[in-house]
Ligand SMILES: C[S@@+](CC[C@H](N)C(=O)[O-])C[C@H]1O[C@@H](n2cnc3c(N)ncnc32)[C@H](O)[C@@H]1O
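A lone chain, given as C-alpha cells: the form predicted on its own.
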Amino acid sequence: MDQAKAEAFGDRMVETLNAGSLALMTSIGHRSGLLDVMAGLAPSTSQGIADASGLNERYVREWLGAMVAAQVIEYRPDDATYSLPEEHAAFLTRDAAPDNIAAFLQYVPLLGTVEDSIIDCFKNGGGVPYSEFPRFQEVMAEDSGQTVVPALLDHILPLVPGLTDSLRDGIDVLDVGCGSGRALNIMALEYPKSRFTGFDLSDEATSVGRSQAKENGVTNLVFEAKDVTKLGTPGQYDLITAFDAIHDQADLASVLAGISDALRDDGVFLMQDIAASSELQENIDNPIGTFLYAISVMHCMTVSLALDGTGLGTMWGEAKARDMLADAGLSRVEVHRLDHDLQNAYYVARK
C-alpha cells in the first residue's frame, strides 16, 4: 500500500466531512435569509444579527460558529462581532445570482431526506416517486430562476436564428414539463402576439403558473396538468421548449416522439438539459460531476424507475441525447453552451 496516497485520501475524506457540513449550514443560511442579511450589515454581534434577521439568537450564534470554523464568516474576538466578506457574499446571496451557490446547496439536505428510501431501492430495485421529495419543485424553480429565466430573452431564445422575430409576429409555443411556468410567463409578457401553452404532470405547479399569469394580466398563456408522454397534438406548434424536464421522464422515447409529432414541419425543439458526456471517463473532469451523478442517484434516475421507466439519469449525455432525438425524427441538432451556465447545454433540434 502507498502510505502517502492513503494519508492523502484520509485527509480528503475529512475535508469532505467538513464540506458536507458546510453545505447544510449554507443551505440554512440561504433559506433563513441570514446570508442576505449579513451581506448588508457592518460587523455585528450574534444578537445584532439575530435581531436584524428576526431569528433566535442561540441558533444564530451556533450557526455562526460553524460558518466561522469553515472560514466563510469572519470573527473578531475583541468585540465578538461577525461579518460576511464581500468576496464571499458574491457567491452566497440572492443578489449574487446567477453566481449564488447557496441556492444550489439546498439540494444536499433536500436529497438527504430520501436516503432511507434510496437504500431500500439499492436492495430491492424500484424507485422513489416525486411525491416523496419535499420542496423539490421549489428548489428547482429557484435553480432555473438563476440560470435559465434571467438569460431566457437575451441569450437562450436567440440561439435559434430568427426566433425572437417570429415570437414578436406571433407563433404557437408549448413548454413541456413547464413546472410553475416562470419561463412561460416571461415569454407571454414579452411576446403578446404569440400563444403559449404549458404542460406539466403536477396540478400544483400548473396552478402556480396560472395564478402568476392572472397576476401578470396575460391572456395568451394557458396551463394544463397533463401527462407529457401523451401530447396528442400533431403539427400544432412552431416552438416547443423543455427546461431541465426531459432526462428524468419515465418514457423518454415516447416524450420525444410526441414532441416531434407536435411540431410543425419547420418547427424547433429547444431543450435545456445537463451538459455532460455519455461516457463516464469524459465526465471525471466535470467540475460538478460528483454532484450531478449524486443527484441522478437520489432523484432523476429514481423518479423514472419509480414509474417503471428507463432510468436514464442526469448524466445521459450529449451522444445519447442526439441519438434519441434522431430516433424521434429530430435529426438536425445543434448544441450550445452559455458562459454563465456551468451545468447546462442547450439543444436546438429540427426535423
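Just count from 1 along the sequence shown to find any residue number. Small disclaimer: the values here were computed from a predicted structure and weren't measured.
Below, we turn to the form predicted in complex with the named molecule, even though it does not appear here.
- Task: Scan 258, 127, 267, 179 and let me know which has any heavy atom within 4.5 Å of the named molecule in the model of the complex.
- Result: It is 179.
- Message: Can you pick out, from 120, 227, 132, 74, the residue that has a heavy atom within 4.5 Å of the named molecule in the model of the complex?
- Response: When the named molecule is considered in the model of the complex, the option within 4.5 Å is 227.
- Task: Have a look at 162 to 170, 197 to 205, 85 to 93, 110 to 118 and name the one stretch with heavy atoms inside 4.5 Å of the named molecule in the model of the complex.
- Result: Stretch 197 to 205 is the one.
- Every residue in 140, 243 and 249 with a non-hydrogen atom within 4.5 Å of the named molecule in the model of the complex? Every listed residue reaches the named molecule in the model of the complex, so yes.
- Item | Close approach of residue 185 to the named molecule in the model of the complex, 4.5 Å, heavy atom | No, residue 185 sits far enough from the named molecule in the model of the complex that none of its heavy atoms falls within 4.5 Å.
- Query: With a 4.5 Å heavy atom cut-off, would you call residue 136 a contact of the named molecule in the model of the complex?
  - Reply: Yes - in the model of the complex, heavy atoms of residue 136 and the named molecule come within 4.5 Å of each other.
- Query: Quick one: does residue 144 come within 4.5 Å of the named molecule in the model of the complex, counting heavy atoms only?
  - Reply: Because a heavy atom of residue 144 falls inside 4.5 Å of the named molecule in the model of the complex, the answer is yes.
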